[in-house]
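In structure tokens, the next block holds one chain alone, the form predicted alone.
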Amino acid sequence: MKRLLKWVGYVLGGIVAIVLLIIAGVYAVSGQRINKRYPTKVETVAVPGDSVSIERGHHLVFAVGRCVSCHGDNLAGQTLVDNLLMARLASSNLTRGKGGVGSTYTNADWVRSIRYGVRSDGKPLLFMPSFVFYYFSDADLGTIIAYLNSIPPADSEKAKTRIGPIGRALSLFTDFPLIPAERVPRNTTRPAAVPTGVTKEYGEYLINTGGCRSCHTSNLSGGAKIAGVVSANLTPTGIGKWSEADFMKAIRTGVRPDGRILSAVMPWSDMKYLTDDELRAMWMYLQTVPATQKGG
């Protein structure tokens, strides 16, 4: 019996040692990625100061980019997740108040962080969806920065972000977006600006900059599991029986044509601030994407 217990102890000790080695490796590799520097040459973006442009920036921040979902209604930041094994995720205070980056950011810093997900020291911002915001045109990005420069200061110190072992492992072995800077296109020509209007081209622009592909996948066929919810198929195969009115009602009210409520994972409560023309443009684009089975 003693010999058996001794061998059981050896086995358990070996398992613990292996687990600790795996965790150490995950921390080492993920730490290298988190501390990697991305020398980033940013474009010079004109930042207007007129009220019309600032209001345009306000609309893009709230309705399209939906920055408030992470940074809070006053953009002063908040703690989003605080889990020992997963992570403590806290968004930055974007204002000029105490603890806010707005008091120190230059226009170039805004461009670098929003478009490329990189801080001024070259290290990546964590969970900043820059791979989506990369597609904002220079004109729209300029109005976003103009609005961010105009918001009232709010005092709020950012909690220290901490990535736990599960969060780090997910970032290494899945598409968990810990370091979005890795997904931002580099050394490529900037996408051409798209004129606003009720066109499929502008609808595609709104879908790209609004991050729809992040949940509904690159071809919009859905099938990805987000917080336990499988994303819908937005191609004609998935919503082919919907009308434009059905689509607009779902975004405005969160109610599907059959009366079911959209999942809380779907950010319709922020998307409802999109204009009717913007929703029509998005609907026009969705009618042109290839019909694909969910997850195809």
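Values in this document were obtained by computation on a predicted structure and should not be read as measured data. Numbering starts at 1 and follows the sequence shown.
From this point on, the text means the form predicted in complex with a small molecule, which you will not see here.
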Tell me, yes or no, whether Gly167 is in contact with the small molecule in the model of the complex, where a contact means a heavy atom of each within 4.5 Å. no
Even though the small molecule is not shown here, does Ala87 get within 4.5 Å of it in the model of the complex, heavy atoms only? no
Heavy atom to heavy atom, is Ser92 within 4.5 Å of the small molecule in the model of the complex? yes
May I ask you to state whether Phe127 is within 4.5 Å of the small molecule in the model of the complex, using heavy atom distances? yes
The single option of His58, Arg33, Arg252, Arg66 touching the small molecule in the model of the complex, heavy atom within 4.5 Å: Arg66
With the small molecule left out of view, which of Arg96, Arg183, Lys158, Arg162 would have a heavy atom within 4.5 Å of it in the model of the complex? Lys158
Counting heavy atoms only and using a 4.5 Å cut-off, do Ile226, Ser263 and Met282 all touch the small molecule in the model of the complex? yes
Answer range among 130-138, 149-157, 167-175, 185-193 for contact with the small molecule, defined in the model of the complex as heavy atoms within 4.5 Å: 130-138
